[in-house]
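This document starts with one chain, in the form predicted on its own, laid out as structure tokens.
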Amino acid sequence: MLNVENLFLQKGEFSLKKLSFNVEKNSYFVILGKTGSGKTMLLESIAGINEIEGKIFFEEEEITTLPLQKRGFGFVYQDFVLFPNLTVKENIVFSSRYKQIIDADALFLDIINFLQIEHLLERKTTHLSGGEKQRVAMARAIYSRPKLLLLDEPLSAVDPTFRNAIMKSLKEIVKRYDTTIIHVTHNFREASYLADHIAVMMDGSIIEQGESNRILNHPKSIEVAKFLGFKNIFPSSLLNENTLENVFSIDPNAILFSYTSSLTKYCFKCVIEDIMGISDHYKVFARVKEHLFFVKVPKHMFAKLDLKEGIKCYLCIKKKDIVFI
């Protein structure tokens, strides 16, 4: 549906570095990256706000130089950009001033019921909470019947108590309104819940892209794994396994301690170097040769193991919990 080929854009000292990716029709595509990685710049380039090098195709038609108002895309910024002088209803139907909306009345009723904002219609947007503003911004974008909906950190200004409800609504938009969504965020939880496919951005480049579950659980690069919060990344040679992957990772919650080496296939002699008590668990740092492992031990297990700094024991890993990178 959307094909981006070698997109390049220089702004000051920062640049988008020849980015290429595809977004399938009726899919939820998340661009995941830290603040300052170029996510919003990329979204604005797709929308037609920035003049770029490279090519953008939409439904097999090149739109690289097509003005933004002719692309038929919806855009929701993280600060919503609602019209403060208009009511909620007037904000939602604003696109009808410059384009004909098919089945406008039925669409309007469906949107306000879907997003549960009927009670807000006569209010001015200055009197709305962050979650309410987000729903109104989404309603306005959907009402314009966009071929592609672009969302810039749509949940960053929303109170956490409303975030789950809005994420559920976002997930349903694709099928309910026959549209495709590109959503940029720095939040792994949003990406995990919403995305069909993910592209990870760092410093203006797409480092890795693919199916959501694969990216989040089995990243191909150490750089992406560290960004996603993977812990305990060590050389695969430690396992004495024949593998093409150079390193592996193990979740701190999946590591076991034992006083025998027969608990699992992979049990290593270790020394407990540091222990930190947290509310419901202990953080334990154990050294295996020159490698320092970080382990989370539930309080009830910690008491049974009687772990202390300086003692020697075995650090054990189950094969099913190993992630090769």
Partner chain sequence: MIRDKCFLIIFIFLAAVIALFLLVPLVQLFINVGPVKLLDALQEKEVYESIFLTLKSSFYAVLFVCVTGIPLAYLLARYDFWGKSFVESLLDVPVMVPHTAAGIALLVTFQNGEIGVFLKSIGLEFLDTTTGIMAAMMFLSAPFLINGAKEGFKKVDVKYEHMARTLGASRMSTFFSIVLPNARNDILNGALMMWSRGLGEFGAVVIIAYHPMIAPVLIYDRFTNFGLSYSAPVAASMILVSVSVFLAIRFVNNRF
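Residue numbers count along the first chain shown, from 1. The shown structure was predicted, so the numbers you read here are calculated from the model rather than taken from an experiment.
Unshown form predicted together with the partner chain; subsequent notes refer to it.
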| property | result |
| --- | --- |
| Contact test in the model of the complex: residue 183 vs the partner chain, heavy atoms, 4.5 Å | no |
| In the model of the complex, residue 95 touching the partner chain (heavy atom, 4.5 Å) | yes |
| Contact of residue 85 with the partner chain in the model of the complex (heavy atom, 4.5 Å) | yes |
| Non-hydrogen atom contact residue 271 with the partner chain in the model of the complex at 4.5 angstroms | no |
| The partner chain in the model of the complex reached by all of 254, 265 and 292, non-hydrogen atom within 4.5 Å | no |
| Partner-contacting position among 103, 79, 223, 159 - heavy atom within 4.5 Å of the partner chain in the model of the complex | 79 |
| Heavy atom within 4.5 Å of the partner chain in the model of the complex - residue from 119, 176, 189, 99 | 99 |
| The partner chain in the model of the complex: contacting segment from 25 to 33, 271 to 279, 60 to 68, 256 to 264, heavy atom within 4.5 Å | 60 to 68 |
